[in-house]
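Have a look below at one chain only, the form predicted alone, in structure tokens format.
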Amino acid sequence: MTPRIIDQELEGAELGIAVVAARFNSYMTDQMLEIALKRLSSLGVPDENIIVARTAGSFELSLTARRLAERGDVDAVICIGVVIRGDTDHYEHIARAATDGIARAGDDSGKPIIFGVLTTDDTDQAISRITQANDYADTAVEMANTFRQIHNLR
């Protein structure tokens, strides 16, 4: 018996991808959004198959991602945000809510919801990680293709 193998494809021509980005810390999230969109384009995702939504902050990412995932034309959602530690407990609450909410949105929707929220101690750490948005786009395309292949297994 030969096992059926699911290939990890990075081809986006047939996919619908949504990106939800927080406006808080926009000097970083705007760059991350731009990087992710350029990478999606280079992976073949047509512009008309990409939906971009903005939220006030990282706390609101998960609900927006869940609503986007409910759409029939969305195969995966990328969540982009930046949470930087401050002098209060606010960081802990927002980072935990974003993490748990995004994971729950993926579980509830049954679609890949990509965690692209930088949680750092300071601005310099966040700035040095902005280019990870390329990885978020790669992961969204790979996971969307994996889910399609799983769905089509017989």
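Only a predicted model underlies this, so the values are computations on that prediction, with no experimental measurement involved. From 1 onward, residues are counted along the sequence shown.
The same protein has a further form, the form predicted in complex with riboflavin, not shown here; the description that follows concerns it.
Within 4.5 Å of some heavy atom of riboflavin in the predicted complex lies at least one heavy atom of Ile94.
When riboflavin is considered in the predicted complex, Ser58 lines it closely, a heavy atom lying within 4.5 Å.
In the predicted complex, at least one heavy atom of Val82 sits within 4.5 Å of a heavy atom of riboflavin. Using a 4.5 angstroms limit between non-hydrogen atoms, Thr139 is distant from riboflavin in the predicted complex.
Annotated contacts: Ala22, Asn25 and His90 all touch riboflavin in the predicted complex [non-hydrogen atom within 4.5 angstroms]. Heavy atoms within 4.5 Å of riboflavin in the predicted complex are found in exactly one of 123-131, 108-116, 41-49, 59-67, that being 59-67.
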